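Just one chain follows, in the form predicted alone, and it is written as structure tokens.
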Amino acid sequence: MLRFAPSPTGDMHIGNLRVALFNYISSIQRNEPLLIRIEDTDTERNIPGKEKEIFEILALFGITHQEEQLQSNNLRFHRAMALQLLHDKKAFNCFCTSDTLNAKCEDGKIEHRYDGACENLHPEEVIDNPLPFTIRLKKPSHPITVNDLIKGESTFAPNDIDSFIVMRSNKYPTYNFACAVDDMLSDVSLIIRSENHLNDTPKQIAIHEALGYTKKIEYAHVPITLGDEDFSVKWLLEEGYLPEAISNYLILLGNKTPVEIFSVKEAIKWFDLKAISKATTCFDIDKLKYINREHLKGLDPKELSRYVGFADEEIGNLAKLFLEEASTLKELRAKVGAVFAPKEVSKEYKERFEILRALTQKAPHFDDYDAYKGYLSEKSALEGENLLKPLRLLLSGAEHGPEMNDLYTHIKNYLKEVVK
């Protein structure tokens, strides 16, 4: 079992999606099911509707899963495991407040470690104490080594792990405890997540050891992508980046791939977690634009036409004419939309523009651009730039763009609508 575990506390950013893609690909390669676990136990930060949005985004990117789970539904197991740790004396009740702990830390100027103040309280001091308490796992007695498929081996001393809190005073689990228990209950075999969580891993291993869980879970901590939180997946989709292109870029990022432009289905054949660079990467929106343009070029014309509001192969081919200057669906819609929108022209071209529009509205159908242009020239007595500049404005709504012959080829059946 592999798992992707997002929180419904904000928009999914590209770093989350990259981890989701790696989990999805690896689950197929290993022939193991994928679990989507919504980590919703931080009730104060949860945003209504984000859970549904997460599943919609995953579906849009073709990230299928076999199981799904709300972490909050496991609360009874978290509490039961915490009681088990107390019973086995692997954990203890702590009545220290944040103020007390900060006061012991030289006014909070340096990072402190728990001093074990409550670790050896007499049972009567625990039972008779009316104060709120947390539950802390006892500091491990030995170093814990994490063998990571991407980052290699990391060893953490007991003092680095410390006697950390597993249950808050409100009887809800901390992130590390809920995560460790859930992974254990789901029999997770490989955890792929951001390297932000590398320091959490020894704590979760310590929890497993304290609970007597002996299965060795594999880990792969994906290096951080600088700037990834500046770009939400939702925003990229709204801007007109294709899911296929976004996936392509995120798999390519920090990776050595046999080709630059590919689909997720193709990547499954050669993707290797161990080949991911250990170094931090940077999100490059210009590179994504290039990849998106290449995927747009590869779309079936009729499919592309649907993205810009039509269902005609010719309009799809028209859209492709603009891919030298447009790189997203949003930009393509604007270009194609300008062809069909009412045209506004300056006084410089207004008179000639209106003459050409009136002639076009009454003209017979011309299959050939040169025949159409010749007809306009003959009827208007315009030629050269006096003809071509207002004609380009009439047909495209812009002073510059694709070759007029190519443009006409794809709009000739819509000509009366274009010049309305």
Ligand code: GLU
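All residue numbers are counted from 1 along the displayed sequence. Quick caveat: nothing in here was measured; it's all calculated off a predicted structure.
Another form, the form predicted in complex with this ligand, is not on view; read the next lines as being about it.
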- Task: Have a look at 271-279, 92-100, 189-197, 248-256 and name the one stretch with heavy atoms inside 4.5 Å of this ligand in the model of the complex.
- Result: 189-197
- So in the model of the complex, does any heavy atom of residue 51 sit within 4.5 Å of this ligand? no
- Might residue 133 be said to contact this ligand in the model of the complex, defining contact as any heavy atom within 4.5 Å? no
- Tell me, yes or no, whether residue 175 is in contact with this ligand in the model of the complex, where a contact means a heavy atom of each within 4.5 Å. yes
- Message: Under a 4.5 Å heavy atom criterion, is residue 291 part of the interface with this ligand in the model of the complex?
- Response: no
- Note on the structure: Answer key: of 206, 179, 336, 233, within 4.5 Å of this ligand in the model of the complex (heavy atoms) is 179
- Query: For 15-49: residues with a non-hydrogen atom within 4.5 angstroms of this ligand in the model of the complex?
  - Reply: 39
